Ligand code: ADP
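The form predicted on its own is given below as one chain in structure tokens.
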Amino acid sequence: MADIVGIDLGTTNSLCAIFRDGQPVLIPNAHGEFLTPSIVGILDDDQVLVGAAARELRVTRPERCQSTFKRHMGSDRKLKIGDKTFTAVDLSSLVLRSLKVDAEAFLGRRVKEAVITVPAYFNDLQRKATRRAGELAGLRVRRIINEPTAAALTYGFHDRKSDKKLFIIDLGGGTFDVTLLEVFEGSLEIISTAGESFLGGEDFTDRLAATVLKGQGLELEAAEMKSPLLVSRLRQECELAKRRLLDAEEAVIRLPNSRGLIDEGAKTVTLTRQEFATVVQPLLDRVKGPIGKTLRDGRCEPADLEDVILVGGATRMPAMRKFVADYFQREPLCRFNPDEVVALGAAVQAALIADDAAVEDMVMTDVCPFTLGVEVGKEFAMRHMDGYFMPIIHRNTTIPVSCERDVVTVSQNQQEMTIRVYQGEGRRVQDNLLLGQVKVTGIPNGPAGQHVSIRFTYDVNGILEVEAFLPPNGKKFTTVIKNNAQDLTEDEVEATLARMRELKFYPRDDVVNQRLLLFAEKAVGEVSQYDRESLEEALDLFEVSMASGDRVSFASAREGLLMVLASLGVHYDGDVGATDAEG
């Protein structure tokens, strides 16, 4: 079987791992290091530099380099290096190609397939862009997985017999994610996740640089335009100071001149840990939002957690560790190198895909990080207004999943309906991401309010099947949105859709349940007026459960309806005509 490598494509650093001999193993780059800086530079002779060499070039010739481009994945932003223009996908593909070359040198054979990690809060466009970058690098991307999920796989692989609830805090160079999960008997169940795509260690460095410049009477953006070499060198000094504060109580920052050089008698600024914590407090305040959101979505309190795990190099900052310890009232756990744990987890995911015997007892479930729904209209003071978002699959729903909701026509004799599918959390669709649409035709003539049922079925591969039904005639309209699964073969897509069909549980489509519904509705007119209310309540609950897709609630509602019928002396034997009321 071909090797599948696991890749952590990071904002600041990227790295690669492989699963071999029953363990995930990191792959060194050409310099013998595991971390490859996610920086691309181009020399005057058009030679492309990736990694450490580009990092050095960024200080002396910042106009010839680009970094932190991961933040622009999924956008159409153009990034310049010299006189050339690139997209974030182009630049990411160069980093991935460099990792691919290193992996082939390490393994001694071609590498064609990969699992690539992304921030949990990456949207559909950002995930699609990551896949595209992998394809441009010559890789078949077998799976895109969330970075905190990959970290959880590392911990779960090494501690698979435990039974505990974990909270993972992942602060990398450019993104921030948090994930609540449960580990039990080799199973990893993701419960909820949230994050920010524009919050990471680079922001802490930039805030420190801005504070130092302000002390000299300068603004960061203005200084960057006027003296880019000064700012690039100062950023390097601030990054070094941030790292020194990991072990020391204070650090010295040397101030470069306008040419980006540090003279022998250069001014210095001394920074203490406490001063640094004060400077970055606004960034730490932003960390609270996703943490609280994830705990609320998971209906969990900090006291319910066994461990809080730190992932990402920026979690090494004492200010961040203290914030986490104060918030959760416990010391966070960091058993594995926070820079490496995501890549190791990606390798474990690759082993799961390859059915490696070493992970045959592991099972992982993930969640849908964003809400999926459709555009609907609303009535306000007798006035119809379009552009509102109706969720069908809510964020943090365990996947794979199948859910259904009804919509209605808005005008008399309306024969067509365009169902637009969106991803996001906004109340209005303009604040969300359009994924696709399906057109429904042949709606029977009638008054406004004709029902159309919409069913979403979502898979771990990122395939979303959208189905629309016309209840009167059973006519069905279907579209498959596979923006996150472009690299799957047609056979794999068909296999995924077959698995998704098994997921669907809609007892409303079963003729046996339709007969029970008709029987109970007929019985309403047969029972005493004093018993009618209890029968209608049971009947209403049964009818709702028939469209819910929830096996447990349906079984309970069906049993409840049969019990009410029996208590009223109405016997049901599966035949619509079998009404028999006693007395």
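So that there is no doubt, residue numbering starts at 1 and follows the sequence shown. Everything numeric in this text was worked out from a predicted model, so none of it was measured.
We do not show the form predicted together with the ligand, though everything after this point is about it.
**OP:** Determine which one of 126-134, 84-92, 151-159, 166-174 lies within 4.5 Å of the ligand in the predicted bound form, judging by heavy atom distances; exactly one does.
**Re:** Result for this chain: 166-174.
Original post:
Only one of Leu261, Leu434, Leu246, Val408 has a non-hydrogen atom within 4.5 angstroms of the ligand in the predicted bound form; which is it?
Top reply: When the ligand is considered in the predicted bound form, the option within 4.5 Å is Leu246.
**OP:** Work out which of Met317, Leu352, Ala194, Ile191 lies within 4.5 Å of the ligand in the predicted bound form, going by heavy atoms.
**Re:** None of the others qualify; the residue that does is Met317.
Subject >> Glu239, heavy atom within 4.5 angstroms of the ligand in the predicted bound form >> reply: Yes, Glu239 sits close enough to the ligand in the predicted bound form that at least one of its heavy atoms falls within 4.5 Å.
**OP:** May I ask you to state whether Gly424 is within 4.5 Å of the ligand in the predicted bound form, using heavy atom distances?
**Re:** So Gly424 does not count as contacting the ligand.
Original post:
With the partner left out of view, is Gly312 within 4.5 angstroms of the ligand in the predicted bound form by any non-hydrogen atom?
Top reply: Yes.
**OP:** Give a yes or no for Glu202: in the predicted bound form, does one of its heavy atoms lie within 4.5 Å of a heavy atom belonging to the ligand?
**Re:** Within the cut-off, so yes.
Subject >> Stretch 10-32 - residues with a heavy atom within 4.5 Å of the ligand in the predicted bound form >> reply: Counting only heavy atoms within 4.5 Å of the ligand in the predicted bound form, the contacting residues of 10-32 are Gly10, Thr11, Thr12, Asn13.
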